[in-house]
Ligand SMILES: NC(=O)c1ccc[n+]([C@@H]2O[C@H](COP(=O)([O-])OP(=O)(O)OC[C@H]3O[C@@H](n4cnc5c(N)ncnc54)[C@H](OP(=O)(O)O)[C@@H]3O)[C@@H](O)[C@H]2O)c1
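The chain that follows stands alone, in the form predicted on its own, written as structure tokens.
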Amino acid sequence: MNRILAIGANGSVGRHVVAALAEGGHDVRALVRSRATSVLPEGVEAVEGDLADPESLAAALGGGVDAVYLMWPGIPVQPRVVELIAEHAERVVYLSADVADLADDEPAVIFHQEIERLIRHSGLGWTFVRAIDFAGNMLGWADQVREGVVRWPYGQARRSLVHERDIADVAVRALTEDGHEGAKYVVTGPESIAHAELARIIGEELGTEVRWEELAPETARERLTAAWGHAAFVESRLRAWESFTREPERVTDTVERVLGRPPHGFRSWVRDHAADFR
């Protein structure tokens, strides 16, 4: 494989994708909004561009690109982006979401399904890496962790949060090896852990006590809508968390099957991000 373009190179997953590709000796090009503010591994070529302006991708895709890692931020879908990738590359690995665990009318489902549809009909060889909720979203608890108490709804909702490095490693394998075309890899953590237990584990790994305080769903709805500014998204999250009190978020064997090693556990993720909680 000649050259791999990473779109979303500065994201929580993308930076691990770029680092792993560079360490593996691959020719890597990173699409960035600004070279001045991007920190990339040595030897990685930075090219400026923005998915909101599809034609700005021409320089990044030109000159020989065989495969593309694609992460699409929360901006409107631009079909031209997929068309351009198909004109220049042979393979795309798209960081999607585990749409099976979400309601069909949820905006995130519609968003990812539209991009997947465009890719499936593009003529590209494709792999969808459908990640379960990122462990990194627990950084939203950081201020509460510093106060020693996490106030959140559905303490018994059991989650299979995934380490961003596992998502990246699966994506890299699909970018650099044959045999992954047409795969829809659902990537999860190794086990389902209750919200309240997640808070306790964070405290243990930080060497401090973190208490759980159950927040009524009605109160959570009001606070999260004010914080996130998206009532429909808040409602969908509350529905999902309530459902995980009855049936845990699913756990797959994707990481072990694709990489030949077990996925990183939540404790490992907390140790990697301990500084972000302090």
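Residue positions are given as counts along the sequence shown, with the first one as 1. Source: prediction; values computed, not measured.
Separately, the form predicted in complex with the ligand exists; it is not shown, and the next lines address it.
- When contacts are judged by a 4.5 Å heavy atom cut-off, residue 33 counts as touching the ligand in the predicted bound form.
- At a distance threshold of 4.5 angstroms between non-hydrogen atoms, residue 206 is out of contact with the ligand in the predicted bound form.
- For the chain shown alone, residue 52 is a contact residue for the ligand in the predicted bound form, at least one non-hydrogen atom being within 4.5 angstroms.
- At a distance threshold of 4.5 angstroms between non-hydrogen atoms, residue 96 is in contact with the ligand in the predicted bound form.
- Site residues 190, 195 and 263 are none of them in contact with the ligand in the predicted bound form, judged by any heavy atom within 4.5 Å.
- When the ligand is considered in the predicted bound form, only one residue from 75, 110, 149, 142 comes within 4.5 Å through any heavy atom, namely 75.
- In summary, the region of this chain contacting the ligand in the predicted bound form, judged by heavy atoms within 4.5 Å and restricted to 85-93, 174-182, 110-118, 197-205, corresponds to 110-118.
- Residues of 127-159 placing a heavy atom within 4.5 Å of the ligand in the predicted bound form, in sequence order: 131, 132, 133, 134, 137.
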